[in-house]
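Coming up is one lone chain in structure tokens, specifically the form predicted alone.
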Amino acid sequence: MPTVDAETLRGLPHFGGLDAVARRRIAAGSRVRTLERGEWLFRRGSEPRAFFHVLEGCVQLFRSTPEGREQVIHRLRAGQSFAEAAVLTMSAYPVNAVATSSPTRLIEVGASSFLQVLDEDPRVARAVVASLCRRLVRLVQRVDELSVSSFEARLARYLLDLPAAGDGDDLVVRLPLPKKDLAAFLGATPETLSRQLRRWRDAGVADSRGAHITLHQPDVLLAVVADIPVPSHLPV
């Protein structure tokens, strides 16, 4: 597998402030991995021998429930890193990781060389702690959304956060993941997602065609997110 040079590591948040010698030591234990869609990176319970930084594509972290459903924990794209906490404090990866696009390219940072430099350079420790704190804030926000917000509100927020193209008075967004994965990410079943999209279609609020969703009345979706009562003639 391709190796990683010290200059490449300079672009990663954890290592940008390190000198060339420290980066070369970490690079010696790192490599570039390329996965195809559906290929596993690691499985829950396996020994954490590395953490990862996404260069291209997408990795999905998930758990399987006792009922056999997949609960999506996070989806990581270019510029994001993950599994540092497993390397630092855990004896096993707590989730599964699988590529969801082809190709997916990652930097794999070997645990042994990283931990050695971490012990010797406090700047690395500060950078990693800062990164994990930011991630913790995002996870707390996600838990709050899943436990407090209705599925309708979570779906509306998700769609409104996507890049949109104008089409007259309408907005058109493209889903970056299959609908079954979107349902899992939002903490619901595919059937629940389908029912909500049908209700919005019947009410003239949004229309779903494959991966594209046309938002005819984004103001209604904004009201749903804000928990503002929607006029009774819009049964959403």
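What we label the rigid core is the largest C-alpha set whose atoms superpose within 1.5 Å from one form to the other. Not measured: the values here are computed from a predicted model. A residue's number is simply how far along the shown sequence it sits, counting from 1.
Omitted here: the form predicted together with the DNA. The next part is about that form.
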(request) Report the residue, out of 34, 46, 194, 64, that has at least one non-hydrogen atom within 4.5 angstroms of the DNA in the model of the complex. (result) 194
(message) Just to be sure I understand the contacts: of 158, 82, 151, 93, which is the one whose heavy atoms reach within 4.5 angstroms of the DNA in the model of the complex?
(response) 151
(message) Quick check on residue 204: any heavy atom within 4.5 Å of the DNA in the model of the complex?
(response) no
(request) Using the partner position in the model of the complex, report whether residue 179 sits within 4.5 Å of the DNA, counting heavy atoms only. (result) yes
(request) Although the DNA is absent from this view, report whether residue 188 comes within 4.5 Å of it in the model of the complex, heavy atoms only. (result) yes
(message) Check residue 198 for me: does it contact the DNA in the model of the complex (non-hydrogen atoms, 4.5 angstroms)?
(response) yes
(request) Mind telling me which stretch in 24-32, 179-187, 38-46, 53-61 gets its heavy atoms within 4.5 Å of the DNA in the model of the complex? (result) 179-187
(request) Would you tell me if residue 22 moves between the shown form and the other one by 2 Å or more at its C-alpha, with the rigid core held superposed? (result) no
(request) Would you say whether residue 212 is displaced between the shown form and the other one, judging by a C-alpha shift of 2 Å or more on the superposed rigid core? (result) yes
